[in-house]
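Quick setup: one chain, the form predicted on its own, written in structure tokens, and binding and motion questions come after.
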């Protein structure tokens, strides 16, 4: 029985708790996976928040001491502010625990490398939850492009929109020192997917908008929108993310992938969330995997542990490279320059 603990009872802690609850109900992709795991504990310095999730999802124990929870489980699921990812990943690895860590991996490349090397030295499984790589529409889009049925990809446009995220504890999401802001926290989703789909770009160029957010979060010069152009040999990607949608707006994501012999569209707010069209043909709507991305990534990581296999869909190095690109995007925002990447 794999004993699992969650660090953090915020929005992602709740989302992950819900996923483990679904697995425990026997709805896993892998037959009988529910019989092999136990969501043992949840920890938050806010005991009331942790207790609420424990009661809602039938989690056995509540902690306010993260070190104690790490000691008592086999796997830690880190759903804490990004600045805390390195500290608890390294501690868990040194104690021989497997680690699933929310994205982004860290705020600096040095921290990310320290996490990777510590996990390798400890010989524990370590995966960063770059969930878009597991999302049904995005998996299907990649499968279609990789199959070659639409010909070579020419360009891809990706958008991700939310309202200003004022729901996080003490507004940590809007504190650049804790989250990295819209570039590191939100933009990284689609930047990472372009890496997964196309590979390493040759250059990065970003523009963006700063707004005075003092009324909402006491942050005068916060980047709330960013657009990045990623150039590749023979193709290009345009990625845009923003915190500018009206209050109450639920996450929107849109993708347009244009190939030589057709295009693919993702629109999470449309009746058909994935659409394909070939020249002179009617729209088609491919069948999608049934599991949402959060459940799929968690089940995948658990299976890696149980089967003693290293995660391949997203490696720690993949997560570090996604961070490298968003840090390049930040540098481009601040300098106005197009930045070349080393080959």
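It should be emphasised that the depicted structure is a prediction, and the values quoted were computed from it without experimental measurement. Residue numbers count along the first chain shown, from 1.
Just so you know, the form predicted in complex with a small molecule exists too; it's not on screen, but the next bit is about it.
Figure note: of the listed segments 38 to 46, 283 to 291, 301 to 309, 54 to 62, the one touching the small molecule in the predicted bound form, with heavy atoms no more than 4.5 Å away, is 38 to 46. The small molecule in the predicted bound form is not approached by residue 108, whose heavy atoms all lie more than 4.5 angstroms from it.
Remark: residue 316 does not count among the residues lining the small molecule in the predicted bound form, judged by a heavy atom distance of 4.5 Å or less.
Using a 4.5 Å cutoff between non-hydrogen atoms, residue 144 does not count as a contact of the small molecule in the predicted bound form.
Shown alone here, residue 173 lies within 4.5 Å of the small molecule in the predicted bound form, counting heavy atoms only. Note on the partner interface in the predicted bound form: the residue among 80, 115, 182, 99 having a heavy atom within 4.5 angstroms of the small molecule is 80. Interface residue among 168, 207, 203, 273, judged by heavy atoms within 4.5 Å of the small molecule in the predicted bound form: 168. No residue in the set 136, 158 and 264 has a non-hydrogen atom no more than 4.5 Å from the small molecule in the predicted bound form.
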